[in-house]
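First, one chain by itself in structure tokens, the form predicted on its own.
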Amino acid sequence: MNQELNRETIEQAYRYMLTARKLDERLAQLYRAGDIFGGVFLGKGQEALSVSVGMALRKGDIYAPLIRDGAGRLAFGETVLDALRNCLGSPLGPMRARDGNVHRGRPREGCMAMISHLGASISVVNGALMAKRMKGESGFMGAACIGEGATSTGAFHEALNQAAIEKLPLLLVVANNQYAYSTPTTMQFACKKLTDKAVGYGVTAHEVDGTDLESCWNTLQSAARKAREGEGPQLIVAELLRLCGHGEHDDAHYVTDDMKQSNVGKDCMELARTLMTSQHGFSDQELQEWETSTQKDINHSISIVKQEGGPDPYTHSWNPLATRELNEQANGIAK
């Protein structure tokens, strides 16, 4: 059954979007202050799509988020502390200070660590779904999130072909943000639109305005229902624009003014705010109070993580996460 976008659910969705946007802003500030090493990649402009994916999933599902899926991660159960601990290098983070920024996850809870070569994440989700099927589980689903650039990879072809043949309950969500880093879509694919690719695989395709929370919500809920009911993989292509550079190191000078002024250049947060006040009865004062409290909570979490510090190189265990010892500890075999 589809979850209705009523007053309660839209408040929840908007709060996840707001938290993701404010957290991104603080991460950018921390990066510029020299507190974060590596890179910072923001989800500005993608929050409506992201939260709709995360909220279409349930406990027991599989989720492979995209680099800009902060809102979806939060909706699927990631905490602000988890995100900050990973980005700031705390050994208490989900990857135990082994990797910064977006390469984080909790696979035992169904959230896969992001693979930078995004097409590869589809087969990871496929494998997890097939394992669940072999165990006799039912009612589960998986979501793999990629950008339009990943649709040009061999990994995309092989994994989507496999998912279609096996009729896996997969949501393959493509955020078409018009640029694969700085490469425009005109240099990425020759088909008129990415949903055309679905026909060759025998897969159902859905197009959606990625700037519109209500449209994203309805599309993802419908696609999730089809996947769970055995109709096979669903390809969702969302049209939107990355409202920032590829990362904080990139000024996005290659994005044209015409693109910024087009429909895909609209800010989903501003549109969601209008939807909240005009159709769901929330006041500007309520939304401002949420913004203030969200910022306060994020700042409090930052202070906690900064006090934790980084790993002590003399005492920290640098064994990989997949060692037998760690696996046994995680399953309660060893003390």
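Every value quoted in this text rests on a predicted model; they were computed, and no experiment measured them. Numbering starts at 1 and follows the sequence shown.
Only in words, not in the display: the form predicted in complex with a further copy of the same chain, which the text now covers.
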Next item on the list: Sort through 256, 262, 222, 153 and report the residue having a heavy atom within 4.5 Å of a further copy of the same chain in the model of the complex.
Entry: 153
Notebook entry, point to check: Which residue, 207, 214, 231, 196, has a heavy atom that falls within 4.5 Å of a further copy of the same chain in the model of the complex?
Noted result: 196
Margin query: Within 4.5 Å, heavy atoms only: does residue 226 come near a further copy of the same chain in the model of the complex?
Written below: no
Note to self: residue 138 versus a further copy of the same chain, in the model of the complex: is there a non-hydrogen atom within 4.5 Å?
What the structure shows: no
Next item on the list: Verify the contact flag for residue 165: yes if a non-hydrogen atom of it lies within 4.5 Å of a non-hydrogen atom of a further copy of the same chain in the model of the complex, no if not.
Entry: yes
Check: Is the gap between residue 161 and a further copy of the same chain in the model of the complex 4.5 Å or less for some heavy atom pair?
Finding: yes
Note to self: Taking a heavy atom within 4.5 Å as contact, would all three of 290, 299 and 304 count as contacting a further copy of the same chain in the model of the complex?
What the structure shows: no
Next item on the list: Mind telling me which stretch in 74-82, 184-192, 214-222, 169-177 gets its heavy atoms within 4.5 Å of a further copy of the same chain in the model of the complex?
Entry: 184-192
